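Single chain ahead, written as structure tokens, the form predicted alone.
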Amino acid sequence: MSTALANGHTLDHTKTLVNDFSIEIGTVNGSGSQTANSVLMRTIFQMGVPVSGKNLFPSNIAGLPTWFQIRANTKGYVARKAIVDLMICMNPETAKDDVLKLAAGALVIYDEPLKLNTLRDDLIYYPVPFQKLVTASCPEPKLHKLVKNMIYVGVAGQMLGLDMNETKNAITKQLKGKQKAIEINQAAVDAGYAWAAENMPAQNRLKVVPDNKTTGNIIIDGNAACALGSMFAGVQVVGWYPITPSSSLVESLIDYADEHRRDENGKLTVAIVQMEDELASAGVVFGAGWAGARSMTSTSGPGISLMSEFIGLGYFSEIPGVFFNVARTGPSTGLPTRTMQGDIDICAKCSHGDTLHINLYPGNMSECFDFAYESFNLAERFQTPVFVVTDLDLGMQNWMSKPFTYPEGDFDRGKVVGEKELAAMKDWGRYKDVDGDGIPYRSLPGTPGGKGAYFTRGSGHNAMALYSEKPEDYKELVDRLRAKYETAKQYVPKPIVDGTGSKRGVLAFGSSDPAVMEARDVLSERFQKKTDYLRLRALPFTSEVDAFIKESDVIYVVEQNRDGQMKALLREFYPEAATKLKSVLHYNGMALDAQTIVDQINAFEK
């Protein structure tokens, strides 16, 4: 038996999906569902099955709806799955809509009083008396609201064949040794499992069987990975102001620093200061960078807007600093805090006048760590603001990852000269291009000998760091800054290219990568369409991008925004290839799925 879906795909009801399905859980934010969802996901992971978890929340405001999708996939696909195979409805406010969006044949676990089985007759329903079960299993009524969600962990565990020993291990890990909390939550899981075993009919639609594909891997989110990379890079000063979805990056760094960045006297070796706003945070970054400290901030698009004037000052006065932008859909709260690649343009050219910035686009957890580390080297080598651009899907969602590689070698502090070097220079000028690479030499405040650091006036200076309004001085400055940007092509992370010789190119970046990889397999296996793939990892565009564009007949640029911001940048730098570039866009605040890419590419090629 099968059902034709609205998008033309078919759901086969008779097929057992083993280690290859999605679970979506609709709950109320602040009801303790995060713990339950993490335990459910970690149980599957600890059984050796590749898994990913995506929190689909409109905001961090308690009481509003939130959804969590768990995807298990034996091939290791971690992108959001467009089709939900098992829906768990715990939020009365959204339960009806949650059920109505499902494909026929999907399984539904729901709170019995909601009576969802009256809505449709083509789903498989499992009503559960959650309140009755939590009342019997938890002796403390004030905790019922928080523990109730653990009941569905037990119910789903029995239904899917989960190893309850791994669930117990996951609870212990999640609650970090808090014995009373562990016992209460475990009792709720056991109650759900026992009830399901006695009352629910067996199902063969979805199953989890033990595997070994997660051995040696970890589960981590990108904000934590970026925080670790920053700590390993020796960050010394952090100025920040909280904003979703970037706040947990600095919050993670605070925790790591408290444990790992203390001197022999127990004093912290990094200053992390929450400022009154984003503009002040940017000021801290550049003040510290000018003084020779490794400095950073973490924010999102609205924060970058507020920082833009300072970022321009840093660009023209050539001061290093690292800016993490965990992008979201836009300003305000609620849906605007969901994921999107909406800040490509502003980060590429942030501030006023002719500015071009180095941008790094990590596409997985290892790169979040590596690029965070490398961003500090690039910022100091090129004496400029460097952007590490992620998004909510990378920053706050749980991804399976290989353990990170310990960085080797010394920090790259760039062209910093001391007293001895300054004394030997007969014609010292802070902004002179001595080596022809666009990168001047700099000194730090306090360097003795009378040739120490200069204050400057943004764009209004000459090569000797003297105030100037001469047109030729300004033109010389911006042309040298462009030359410095060209030099950066040799140092930024190169794109990853997977060529098949098909001439049908796909170009993507950041969190789009898992969906693109899966979509390429679908296009090849179902539609016999081979694709070449370039995953962009940085700006400026390098020679590898030049070659890919030249060799492709058509290039589908996959990005998560409405206006095709990356395609516009490509058109600007490669105007001769403008007609080759086709936009594959996704911008509804949900993480990108493979089916969206497949459908749009097929539509272009009808």
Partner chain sequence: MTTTAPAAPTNKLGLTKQDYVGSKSTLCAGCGHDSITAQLINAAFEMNIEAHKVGKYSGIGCSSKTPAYFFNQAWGFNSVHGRMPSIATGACVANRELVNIGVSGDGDSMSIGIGQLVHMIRRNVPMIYIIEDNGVYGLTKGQFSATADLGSVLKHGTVNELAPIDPCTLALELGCGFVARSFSGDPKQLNTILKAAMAHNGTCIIDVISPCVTFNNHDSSTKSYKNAKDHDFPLHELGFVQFNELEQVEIPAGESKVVTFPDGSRVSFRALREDYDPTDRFGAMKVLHEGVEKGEFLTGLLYVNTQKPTIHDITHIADMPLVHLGQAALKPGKDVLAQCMDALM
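Positions refer to the first chain, counted from 1. Values in this document were obtained by computation on a predicted structure and should not be read as measured data.
Separately, the form predicted together with its partner chain exists; it is not shown, and the next lines address it.
Quick one: is residue 42 in contact with its partner chain in the predicted complex, heavy atoms, 4.5 Å cut-off?
Although its partner chain is absent here, residue 42 would touch it in the predicted complex, with heavy atoms inside 4.5 Å.
Residue-level question: is residue 276 within 4.5 Å of its partner chain in the predicted complex, judged on heavy atoms?
Judged by the heavy-atom cut-off of 4.5 Å, residue 276 is in contact with its partner chain in the predicted complex.
I'd like to check something about residue 480: if you look in the predicted complex, is any of its heavy atoms closer than or equal to 4.5 Å to a heavy atom of its partner chain?
Residue 480: no, not in contact with its partner chain in the predicted complex.
With the partner left out here, check for me: in the predicted complex, does some heavy atom of residue 443 sit within 4.5 Å of its partner chain?
Judged by the heavy-atom cut-off of 4.5 Å, residue 443 is in contact with its partner chain in the predicted complex.
Counting non-hydrogen atoms within 4.5 angstroms of its partner chain in the predicted complex, say which of 201, 177, 471, 409 makes the cut.
Checked against the cut-off, the match is 409.
Note which of 439, 270, 78, 196 lies within 4.5 Å of its partner chain in the predicted complex, where distance is taken over heavy atoms; exactly one does.
That would be 270.
With the partner absent here, would 71, 120 and 336 each sit within 4.5 Å of its partner chain in the predicted complex, counting heavy atoms only?
Not a single residue of the candidate spot has a heavy atom within 4.5 Å of its partner chain in the predicted complex.
Name the stretch, out of 517-525, 152-160, 129-137, 306-314, where some heavy atom lies within 4.5 Å of its partner chain in the predicted complex.
Contact-bearing stretch, as computed: 306-314.
Hey, which residues along 249-267 are within 4.5 angstroms of its partner chain in the predicted complex, non-hydrogen atoms only?
Stretch hits, in order: 256, 259, 260, 261, 263, 265, 267.
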